[in-house]
Structure formats: structure tokens, C-alpha cells
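Below you'll find only one chain, the form predicted alone, shown as C-alpha cells.
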């Protein structure tokens, strides 16, 4: 069983690796013996994750990347290869929402700045597609590799207030399915592409939308989420690890083109 899930010696590149979820994933994979390139727009955030990994005895390197610029992504790949050799696994963790693309009582959908909407769409969709192009080409040349995208429960059920993010993550899910077929048919069946769809996790981005900054109590939106999550809590980064290891290892070697919800039962609950 251990060998089936073994990732030791694999080289993993993870975009958005300086964030709460990305950083946690990076540290977990490194603890399991993988060599991890932590890619982030904020180099200091990536370096902090790398420091935690190396202190624990793991192997990692911090790499600055702008997932919206092809030259930056190519440079990041070059640095990964220089540090650890060919990249076996790409995790596209970069993404996020923006307050200006969110509706609220003071900002109707009809008045959302289209530039803010476009920024969210670009970060989540282009920020996934472009690394797939660059790192995926290297995998196609080697005829093997694994790509794991990070979608969201928004890909299955659009949430109120965040139209751009919901549409973008739906696009990530659809693109995952398309790319899985394309890579297997056109290049190699040993190249697999899947995605995870986290439910509601507390991150730096949404923490104070779901909990009160001063009291720590749930906001009305946070309470509504808990009410619709049968397991009655938010997700923690470690709740993703088992699913991710399964999708990255030989345990799922006949699995491609799927998006797995990790959501505490949110997608199964009908509200009553």
C-alpha cells in the first residue's frame, strides 16, 4: 500500500505555493519525500514555505512566477529543472477572487467594473492554462507527467456575490476535462490531468468574510456555509492531502479528467 501512494523522489512544482493551502500542500508533499518547487508571485511567501520545508529536512526551492506571463512561467520551469531535474508533477494552485468583482449592497452586479471581472477570470483561467502550456509541453516531450488543477465548489454550484470567481472556476473544471483528453490522445496516456474542488476553507483571502475580525465569531455568510455543510465545519489544509496524494500517485493511474469535491458534504446537501 505504501508503494502505491509513494511520491518520494518526484519533482513537484506548485503555483500559489506561498499561500495557506498551497504552502500546506507543498510541506506535506516534501515530508513525503518529494522535491518541491514553491512558485509564487510573492517570492518572500514562497521562501517562508521553503524555509519550513528545509528546516524539517525536506528539499525545496523558492521560485518567483507570474502565471499570467509566458516568459515568467518559462523562466520558472527552467529554475525548477536546474534545481531538481524534469518536473514530474504540476499543481496549479494560483487563483483567487477580488473585492471589486464581488456584489454587495453598495455594488450591484450591473455596475461591477469589467476590469475587475477580467482580472479574476485571467488569474484563475489563464493562470491555470499558461502553466499547463509551458510545463505540459515538457511533459509531452517526455511522454509522462501529472497535472493537478485547483477548482472550487463554485465549479459545481455558483455562489452568491462572486460571479467572476464562480465562472472562472467552472472554466477550470471544464479545461481540466479538455486537457486530460487532449494530452492522453495526442501525446501520451501516461500524462494525466485532474482537479480538486475544495469546499469552504479558511484562508487569508476569505477569513474575514466568514469570521468577524474582532470577535472571531462567524459572520452571517460564514454561518450560512456551516449550516449547509453536513460535517459542520470549515475545511483545514490537511483535509486536502489524502485526495491530492491519491491523484498524484500510481493509486489513481487509470484516473484522468475528473474534479473531486473535498467539501464536507456541501455538494450533497439539498438544504433540507
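Positions refer to the first chain, counted from 1. This is a predicted model, so every value here is computed, not measured.
Beyond the structure shown, there is the form predicted in complex with nicotinamide-adenine-dinucleotide (NAD), which is absent from this document and is the topic of what follows.
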> Just one of 203, 229, 243, 211 has a heavy atom within 4.5 Å of nicotinamide-adenine-dinucleotide (NAD) in the model of the complex. Which one?
Replying inline: 203
> Within 4.5 Å of nicotinamide-adenine-dinucleotide (NAD) in the model of the complex, heavy atoms considered, which of 164, 123, 179, 77?
Replying inline: 123
> Contact between residue 26 and nicotinamide-adenine-dinucleotide (NAD) in the model of the complex at 4.5 Å, heavy atoms?
Replying inline: no
> Hey, in the model of the complex, does residue 198 get a heavy atom within 4.5 angstroms of nicotinamide-adenine-dinucleotide (NAD)?
Replying inline: yes
>> Contact with nicotinamide-adenine-dinucleotide (NAD) in the model of the complex for residue 67, defined as at least one heavy atom pair within 4.5 Å: yes or no?
In response: yes
> Taking heavy atoms only, is residue 151 within 4.5 angstroms of nicotinamide-adenine-dinucleotide (NAD) in the model of the complex?
Replying inline: yes
>> Based on heavy atom distances of 4.5 Å or less, which listed stretch (51 to 59, 243 to 251, 33 to 41, 212 to 220) is in contact with nicotinamide-adenine-dinucleotide (NAD) in the model of the complex?
In response: 33 to 41
> Since the partner is left out here, which residues of 70 to 100 would have a heavy atom within 4.5 Å of nicotinamide-adenine-dinucleotide (NAD) in the model of the complex?
Replying inline: 93, 94, 95, 96
